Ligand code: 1PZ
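One chain follows as structure tokens, the form predicted on its own.
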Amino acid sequence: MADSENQKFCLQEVLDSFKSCLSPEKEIYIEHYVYGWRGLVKLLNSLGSLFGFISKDAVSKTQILMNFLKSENGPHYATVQSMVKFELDNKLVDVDKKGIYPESGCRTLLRLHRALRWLQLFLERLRTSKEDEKTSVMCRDAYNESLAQHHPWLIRKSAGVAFYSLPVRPAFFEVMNVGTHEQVVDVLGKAVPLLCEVYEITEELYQKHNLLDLP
């Protein structure tokens, strides 16, 4: 397979990765979470260079998590739940805002978690939208509901410009690489609730341990 094929976004791949993310006990496997995000990065990259401000950050964050998984403490990073317990028990998280552990697993995953909410909200709007609705408006509204509150003004400004460059809805559906528009809507109908479930489980866990505002 050519490199360009490997770099192509495929919605089904993202669905499969996030489906593998959850254990029967609803624990989130970090490895599959990372694979799912690598698929989402392909989506961001397919939308044009203006989305680099989010995709580059996501790439660096997923690499940090994979490095933890491959380290001697790797077993503690098997799931989001075990990671949170390990880092809190060993005081490896900046819960008191000292900035000693800027690349802790908890802080790193929090940044991906916030971005996941944005993409989940956007894809849901895309799924339920009509053919003539503007993807730029859907993406902007989803961003304002999620990531915008965590970004400084300059990034919010860049995001606003990037949204205007988005392709129209039919072209966007082609980017999904899963067949007809009906098939895209069908796969989105399976993928979005899954992204939502992974998000909600993480949100609840982070809320319980006061980790939602890590600096």
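Computed from a predicted model, the values in this text were never measured in an experiment. Don't overthink the numbering: it's just position in the shown sequence, from 1.
The same protein also exists as the form predicted together with the ligand; that form is not shown, yet it is the one meant from here on.
Single option in 26, 157, 190, 151 placed near the ligand in the predicted bound form, where near means a heavy atom within 4.5 Å: By the 4.5 Å criterion, the partner-contacting residue is 151.
Contacting member of 69, 178, 43, 34, with respect to the ligand in the predicted bound form [4.5 Å, heavy atom]: Of the listed residues, the single hit is 43.
Run the contact test on 18, 76 and 78 with a 4.5 Å heavy atom cut-off to the ligand in the predicted bound form and return yes or no. No, the whole trio is out of contact, none within 4.5 Å by any heavy atom.
Contact of residue 125 with the ligand in the predicted bound form (heavy atom, 4.5 Å): Residue 125 lies outside the contact set for the ligand.
Residue contact check: residue 118 to the ligand in the predicted bound form, 4.5 Å heavy atom: The answer is yes: residue 118 has a heavy atom within 4.5 Å of the ligand.
Residue 106 within 4.5 Å of the ligand in the predicted bound form, heavy atoms: The answer is no: residue 106 has no heavy atom within 4.5 Å of the ligand.
Contact flag, residue 83 vs the ligand in the predicted bound form, heavy atom cut 4.5 Å: Contact check for residue 83: no, nothing within 4.5 Å of the ligand in the predicted bound form.
For a quick check, can you give me the residues of 178-214 that have a heavy atom within 4.5 Å of the ligand in the predicted bound form? Counting only heavy atoms within 4.5 Å of the ligand in the predicted bound form, no residue of 178-214 makes contact.
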